[in-house]
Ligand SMILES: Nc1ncnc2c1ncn2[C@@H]1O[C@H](COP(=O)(O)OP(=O)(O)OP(=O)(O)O)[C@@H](O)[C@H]1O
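Below you will find one chain, with nothing else, as structure tokens; this is the form predicted on its own, and questions on how it binds or moves follow later.
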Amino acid sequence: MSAISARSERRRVLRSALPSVTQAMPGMLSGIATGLSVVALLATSAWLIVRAAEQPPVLFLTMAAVGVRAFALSRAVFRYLERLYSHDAVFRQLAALRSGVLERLIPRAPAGLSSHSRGSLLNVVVADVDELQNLSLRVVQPIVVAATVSVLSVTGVALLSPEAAVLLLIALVVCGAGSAWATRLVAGAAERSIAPKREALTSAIIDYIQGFAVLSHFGAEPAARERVYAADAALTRTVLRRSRGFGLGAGIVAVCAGLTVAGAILIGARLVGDDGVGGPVFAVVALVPLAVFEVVGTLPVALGHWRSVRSSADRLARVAPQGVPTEIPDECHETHLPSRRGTRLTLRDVTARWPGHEAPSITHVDLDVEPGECVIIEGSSGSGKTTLANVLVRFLDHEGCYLIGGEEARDPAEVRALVGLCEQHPYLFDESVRQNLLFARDTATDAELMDVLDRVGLSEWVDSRGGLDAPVGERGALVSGGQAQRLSLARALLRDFPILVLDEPTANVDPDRADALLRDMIDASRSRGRSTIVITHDDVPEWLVDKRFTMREGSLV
């Protein structure tokens, strides 16, 4: 992705994170009203205290006393309304943003996401999307509120003392620029690196938990645990550096507020006559800067959150940009493939590559599979066998001709209704055996489920586990590799695909059991005239095979 397109994608992500004007306006106005109530409360209180010290008739103090109570109540009410309206608008937009991210990720899966780890994707969908809620809550709204309150406060002070208003304006500008520069100098890099380090920690934890058995077996668990600790320590140090930046910004705001009050006292002293007249006005001019800087004090934090938000937006734009890579097929509805039976599969001069790769993984592949045939495709790792499997189910787009039943196979949905894939690492949901089968055909009865389990050699095993309600564990943790492959085949048979692709079905199976599993899977998949394409390293008996090919450096020979 070029720098220009990256910036364009980032702007698109940031715009999608902002609520609409109509949604954001109530919270924005409530925030402004909160800030003005803070300033008005301090100004009225200062005037009332000094004026009361002059012991005028109580009638002259009634309005100010009522104002103090009114502004105190309005500050609390508007603060509540600000939180209510702002968070409601942001959470509504956050739901739309998260669903939009998923809508852009789903067409890319699985081929378009192969370069991203599970920890990275989890962090993007959860943490980075959550970080974007700060764009409105902690960046845009505080800046707008601080700017509006500052302008109105300077205008109000100018009515009492133009010199004090100029001083307040200069102090606000210097404070804003100084705190922004200081926080960027101290914490800028830390704020930009929080998201990547959070991703590193998430990935380390996922790898440690899911690979705990293997790590323990080979004595690598302590090193993996240390990686988790190191990632956590790096993230902690980064967050602390950001906190130091926030603290420095708050300190600069406090210093500027104190100096401004001191300057306002020197300027406002001239408003007090020898007889003490003008004392209340002097108190207002001297103390209003404290309230204004209380509101402006959110600016350093807002600028810090802006850098974190921008970093998360960059990551979202990189992982889930607008549009789909050219290597991923688009949905189309221009073809009508034949019925489920009598489907002949043909490849002519097919070339395909993975997203982000310039060199093709397979080139000029020709293949014919007749209905009911069993075709074996052998080859070493990295030769292009899995790429071919992804082309056959339209996870990857291709150049050349791909026909099913004499019709061009372009629409992924139609192709996937006819061509099923049993993956090298089948995914099993943390549910029962029944639920892992029913999503293939939710109208299947228990008798049909047991029948398909019997065809793949699992009926006795399921009975011994207590029936179809037996759990399989998270990602199939409670079943062996061979049983997971058989369950995956059972799902495909239940869906009744006329063409079935078995991608390395014995990759996770002990060698002494691989031959039996492979024979059982081929026998089961060839039932009812089903075409079977087996991608494997293992030897397959000749009597099971109709055609045999070898994949070498992306070519089928």
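Residue numbers run from 1 along the displayed sequence. C-alpha atoms forming the largest set that superposes within 1.5 Å between two forms make up the rigid core. Quick caveat, the model's predicted, so the values are computed rather than measured.
Not pictured, yet referred to below: the form predicted together with this ligand.
Each of T387, E504 and H537 places at least one heavy atom within 4.5 Å of this ligand in the predicted complex. A residue is said to contact a partner when one of its heavy atoms sits within 4.5 Å of a partner heavy atom; S480 fails this definition for this ligand in the predicted complex, lying far away. Proximity of F246 to this ligand in the predicted complex: non-hydrogen atoms within 4.5 Å are absent; the residue sits far from the partner. Among residues of the shown chain, Q424 is one whose heavy atoms approach this ligand to within 4.5 Å in the predicted complex. Taking the partner from the other structure, this ligand in the predicted complex has no heavy atom within 4.5 Å of any heavy atom of R237.
Stretch-level contact analysis of 376-384, 171-179, 398-406, 89-97 against this ligand in the predicted complex, using heavy atoms and a 4.5 Å limit, identifies 376-384. The contact residue chosen from N134, T260, S361, S120 relative to this ligand in the predicted complex is S361, the criterion being a non-hydrogen atom within 4.5 angstroms. Proximity to this ligand in the predicted complex, taken as a non-hydrogen atom within 4.5 angstroms, holds for one residue of Y208, W354, W461, F71, which is W354. Comparing the forms between the shown form and the other one on their rigid core, the Cα displacement of L396 stays under 2 Å.
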